[in-house]
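Below sits a lone chain in structure tokens, taken as the form predicted alone.
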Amino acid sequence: MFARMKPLVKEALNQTLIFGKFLCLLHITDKYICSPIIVHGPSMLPTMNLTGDVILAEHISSRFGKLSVGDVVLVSSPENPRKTVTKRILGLEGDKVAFLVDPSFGSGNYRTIVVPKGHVWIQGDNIYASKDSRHFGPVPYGLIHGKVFCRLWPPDGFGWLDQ
């Protein structure tokens, strides 16, 4: 009886190993190369939709320091590390950034800051509804998870994200 079961057990073990390898490849791809993300909220209007977009973010550029001003990035929120936010880079280390302190009052109260070493200045495209570097200051480079490069959903917005 066990002799007849041996080929079945061997086949089941082989299929389990193939499935395990697939899951490992999927994890490595998602964590270190490219991953789909659902983003929503008003801070990146009009670039991203309020109701939600499915985007692709690659994780290689941020690991090798190949980000530039204008890139849309995924960042761990400095206020809540469990939350990931989507913002645009407006300044890299050493850049001078001028920003409106409180745009809702329209007072013209601008401040200028030099982005410190190892940090970036991020802001949402909708300055009226975005909590960003204007509120919590420059963000350490290590909090950046990836660079957004493509929108998958909604279908009418499908395509590459321009700077």
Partner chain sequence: MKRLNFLWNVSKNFFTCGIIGLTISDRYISIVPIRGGSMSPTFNPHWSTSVKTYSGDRVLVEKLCLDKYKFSLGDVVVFCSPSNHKEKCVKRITALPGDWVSSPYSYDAVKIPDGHCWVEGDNSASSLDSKSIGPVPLGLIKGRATHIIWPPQRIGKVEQTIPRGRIDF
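Being a predicted model, the structure only gives us computed values, none of them experimental. Numbering follows the first chain given and starts at 1.
This protein has a second form, the form predicted in complex with its partner chain, left out of what is shown; the following refers to that one.
Does its partner chain come within 4.5 Å of a heavy atom in each of 74, 135 and 149 in the predicted bound form? Spot residues vs its partner chain: no contact at all.
Does residue 96 reach its partner chain in the predicted bound form, with heavy atoms at most 4.5 Å apart? Because no heavy atom of residue 96 falls inside 4.5 Å of its partner chain in the predicted bound form, the answer is no.
Is residue 101 close enough to its partner chain in the predicted bound form to count, meaning some heavy atom within 4.5 Å? Looking in the predicted bound form, residue contacts with its partner chain do not include residue 101, since no heavy atom lies within 4.5 Å.
Is residue 154 one of the residues lying within 4.5 Å of its partner chain in the predicted bound form, judged by heavy atom distances? Residue 154: no contact with its partner chain in the predicted bound form.
Though only this chain appears here, would residue 28 touch its partner chain in the predicted bound form if you measure heavy atom gaps against 4.5 Å? Yes, residue 28 sits close enough to its partner chain in the predicted bound form that at least one of its heavy atoms falls within 4.5 Å.
Output the sequence-ordered list of residues from 115-144 with at least one heavy atom within 4.5 Å of its partner chain in the predicted bound form. Heavy-atom contacts to its partner chain in the predicted bound form: 117, 118, 119, 140, 141, 142, 143.
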